[in-house]
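Next comes just one chain, in structure tokens: the form predicted on its own.
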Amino acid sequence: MITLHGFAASNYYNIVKHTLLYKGIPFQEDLLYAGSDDLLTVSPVGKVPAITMPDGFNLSESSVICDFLEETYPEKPLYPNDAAERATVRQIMKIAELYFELPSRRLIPYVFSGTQAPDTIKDEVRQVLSRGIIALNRLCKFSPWIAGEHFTMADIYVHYVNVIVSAFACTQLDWDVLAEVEGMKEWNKSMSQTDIAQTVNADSQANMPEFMQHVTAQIKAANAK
């Protein structure tokens, strides 16, 4: 059985978890936080998530893991057969990562500390998010799924990217970012109501208090040095 290493409060972890559940692949979960010595044994840079296959093969990086699962368990595909359509799915995922998630992550320390980010950082984040909004408006179809008629990896990936955008960018910038992409909020709501997303979200919420204790302990340890 596959072992999924990481913690349920991580959106990257949940991308892989949702993929496993969608494909119906049996797996077990191993609670590990980023930077732990145990995680370093299965992830070269100690990042979440990682998987261990039944034969002992370890793999990290969520997008790499998902591609590996797609190739290893092709029975319930998450990518179109057509090469151009596959490329479009991957393009949506990459733009969401670079222009939605990564700029939003710059605001995480301020949300966790209950402070406001400096205006310079907010302005920089807004600029990058604005580029993402333009691109996703051009690429996303929401008919009914993000890339068209069929559910794809882009639906899973962007849904969990939006968790970060909503929790951090929208909060710090007082800006409903998802509303700027036509059809995004309605699609995101539909995604959140699927059985798998509800299961993943419930596990994430259950893990959040322990995760926050872990973050607080790390901050205290860093300040004590």
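Quick note: we count residues from 1 along the sequence shown, nothing fancier. These numbers come from a predicted model, not from an experiment.
The same protein also exists as the form predicted in complex with a small molecule; that form is not shown, yet it is the one meant from here on.
Partner proximity in the predicted bound form, defined as non-hydrogen atoms within 4.5 angstroms of the small molecule, places exactly one of 82 to 90, 129 to 137, 69 to 77, 97 to 105 at the interface: 97 to 105.
The closest heavy atom approach of residue 62 to the small molecule in the predicted bound form falls within 4.5 Å.
Among heavy atoms of residue 11, some come within 4.5 Å of the small molecule in the predicted bound form. In the predicted bound form, no heavy atom of residue 53 sits within 4.5 Å of the small molecule. Among residues of the shown chain, residue 31 is not one whose heavy atoms approach the small molecule to within 4.5 Å in the predicted bound form.
Between the small molecule and the residues 177, 184, 48, 191, the one pair within 4.5 Å by heavy atoms in the predicted bound form involves 48.
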